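Form predicted alone, single chain, as structure tokens, below.
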Amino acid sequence: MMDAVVIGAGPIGLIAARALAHRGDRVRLFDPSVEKPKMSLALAESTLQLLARLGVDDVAGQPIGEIHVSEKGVPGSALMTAESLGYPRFGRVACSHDLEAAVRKDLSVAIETERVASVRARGVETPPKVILENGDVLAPDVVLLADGGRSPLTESLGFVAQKRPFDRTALLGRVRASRPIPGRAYERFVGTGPLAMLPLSESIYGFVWSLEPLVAERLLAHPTELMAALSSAADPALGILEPVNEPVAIPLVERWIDQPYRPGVMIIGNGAQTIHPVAGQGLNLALRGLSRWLAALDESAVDEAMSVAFSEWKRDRDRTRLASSALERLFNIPAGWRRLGTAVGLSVFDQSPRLKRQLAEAGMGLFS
């Protein structure tokens, strides 16, 4: 049994706290903020399996049974169905608030709103330290930072993030479709940037659309124009789209820390890496890293487990980062040869169960 402090009570911090408590560890969870942003999350099968092991199996949302991939104006498309590949689902789409509520249900760890002033890594003869704004000093065995990519605590510990701007902006929002296909997610390439449509309920979809910053700014300022452009870009099978909420814009920057841990301190989630959101893999990637560390704890001490887990997980992170960013770069090439290649490639892919299985299992996190 060890003493752990988790800083940040978003989905990843909550899951980390629940996982540690499930192991029998003593956990304190800190987060001064009350209201979290509402996001549409694609939960991979590996994430759902982790949640089930922690006793969380009632997350509201829509199971993903199909994934349709296409490019506007290009013949050929591909449809992957979980049933044809021998799986009950590819994952589930959930609202972040619903996921947080499910993880917090019966959680034995209370969220403390006292602000953390600073964190110190383990010294040669001293444990990690967490200093609260009220002056209290905690000396746990491990500190998990899950407080996001703009954490001053991460910077104060001397972590330096690598950054690669995409020069793109993501628009995120929700729409209602007049002709929904329950359980079908869409990956659509439309010339302006990739567009993902995730089914949240029978008729509501969360969308992530990558655009040039000036275009995103203009569309955000003119909701009618945005809906017209989105309806034109989306798969016609969805019918008429109507807004459900006010979209938000997020500048897209790939960001990662080469070694996101120090003695007694580990960064998880967006603080350790932020990847392109169109493939919906950020949360799942982070939780696969957390799972590796928890498994390593059964055989190793805290700091050694961090090193072992990261060495195993780094390849997964690098591959996921590369695949997510490549979608943006590849499909923004307007050349005719690229569009012809896409048409041929989608047709070949649609006829290959083996390729479909490999891509699906990678997205599900089953062979990461």
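Residue numbers here begin at 1 and follow the sequence given. From a predicted model like this one, the values you see are computed outputs, not experimental measurements.
Just so it is clear, the following notes concern the form predicted together with a small molecule, a form of the same protein that is not shown.
- Annotation: in the predicted complex, residues 142, 263 and 289 none come within 4.5 Å of the small molecule through any heavy atom.
- Of the candidate stretches 300 to 308, 317 to 325, 54 to 62, 23 to 31, only 23 to 31 has residues with heavy atoms within 4.5 Å of the small molecule in the predicted complex.
- Residue contact with the small molecule in the predicted complex: residue 282 places a heavy atom within 4.5 Å of it.
- Not displayed here, the small molecule is kept clear of residue 238 by more than 4.5 Å at the level of heavy atoms in the predicted complex.
- Taking non-hydrogen atoms only, residue 247 never approaches the small molecule to within 4.5 angstroms in the predicted complex.
- Put simply, residue 270 is close to the small molecule in the predicted complex: some heavy atom of it is within 4.5 Å.
- Proximity to the small molecule in the predicted complex, defined as a heavy atom within 4.5 Å, singles out one entry of 216, 234, 296, 208, which is 208.
- Interface residue among 198, 80, 190, 130 relative to the small molecule in the predicted complex, by the heavy atom within 4.5 Å criterion: 198.
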